[in-house]
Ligand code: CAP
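Given as structure tokens, the chain that follows is alone and in the form predicted alone.
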């Protein structure tokens, strides 16, 4: 009979054809640990709750079954590792991978809580995916900026403005020194600011800003849509109108939609900016859900060029260790310097790095903290920290650009502000305070 315990094999040694998963588990008081761990491997691969004698009837099925091969007792919680033969998974189908490893298991009574910390993909699976088309270096080439952090801003209020108002905000931040205007997660094709009209008007203002500044500017346009077909049509319209980028809400749109967009953008020559809206509904808890680390790995595998990873200091919950781990997963060619515990090494092969985006509650007075933590080969995204400037969005952008220049020149923002009234006003408004 195939009971849950049959999916535990502590003598098993994973090989290079196994996909590995790391879980944090809390076992109910009425359950035995071994049965709980086996239940996870069973439900995420080939088994079921009843004692069906699948091994006798279908012995070949065992070849694609998950196996718990490592158990660590940490008191109230356990850490387990499961090996899944790569033949368990369909090629080039991230949704199927997640339907297995991260499918029904989180709702099982056999566990009180369950957190998927990491997935290690095999070299053969890595080879099935193209990864980012541009990556960090490709994005930098778009702007001809080799060293400083790239800067972007979301128009605020993020929804509700007319198309003309939205495009004007873009012009203000571009001429103030920022590189990109970005749609926010919930701006798509509403009546007050229709998609096509916004693309046309905003890119026209972009052209004006480029002539004024002599710098390359661009616009992250949200193509998230009701259907994949509509999303692809929107991406084609962006290309037709001269854009370089599209943006997608990767979680709410889904991995299949993201994968489809990556395929289309390969032919269109468009870079992809990934917004992670809704992620905290399952990543925020330390004890239950799907880690932001896994979101980062899947995003890189599928092939976005930029992804939000948090700040450790802004308005959103983003623990320092998590932010650093996500940066590692997105940028290292071989992830060995893991910051979070119970993560695997990952060889990314030829897949390019993704540009990490630090965002959520930043302003000129605290960006030095971000650079001290993450370095300067990142993107900085500001909303209220630009548009909340007492003198308006243009002044907010000037202040932001000046604060970054101060860091690169190794002087304090206060010293820089002596010759930059916009930065002086920003520091007077926010100081070095951390948003709550």
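Residue numbers count along the first chain shown, from 1. Values in this document were obtained by computation on a predicted structure and should not be read as measured data.
Keep in mind that the form predicted together with ligand CAP is not shown, yet the notes after this line are about it.
- Of the residues 275, 217, 300, 166, just one reaches ligand CAP in the predicted complex with a heavy atom at 4.5 Å or closer; this is 275.
- Taking 141, 197, 204, 315 one by one, only a single residue has any non-hydrogen atom within 4.5 Å of ligand CAP in the predicted complex, and it is 315.
- Looking at 152-160, 113-121, 172-180, 250-258, the stretch with residues near ligand CAP in the predicted complex, meaning non-hydrogen atoms within 4.5 angstroms, turns out to be 152-160.
- With a 4.5 Å cutoff on heavy atoms, residue 361 counts as touching ligand CAP in the predicted complex.
- Contact annotation for residue 383: at least one heavy atom lies within 4.5 Å of ligand CAP in the predicted complex.
- Residue contact check for residue 310: one or more of its heavy atoms lie within 4.5 Å of ligand CAP in the predicted complex.
- Although the partner is absent here, residue 184 is a contact residue: one of its heavy atoms lies within 4.5 angstroms of ligand CAP in the predicted complex.
- For the partner-free chain shown, nothing in 197-221 comes within 4.5 angstroms of ligand CAP in the predicted complex, judged by any non-hydrogen atom.
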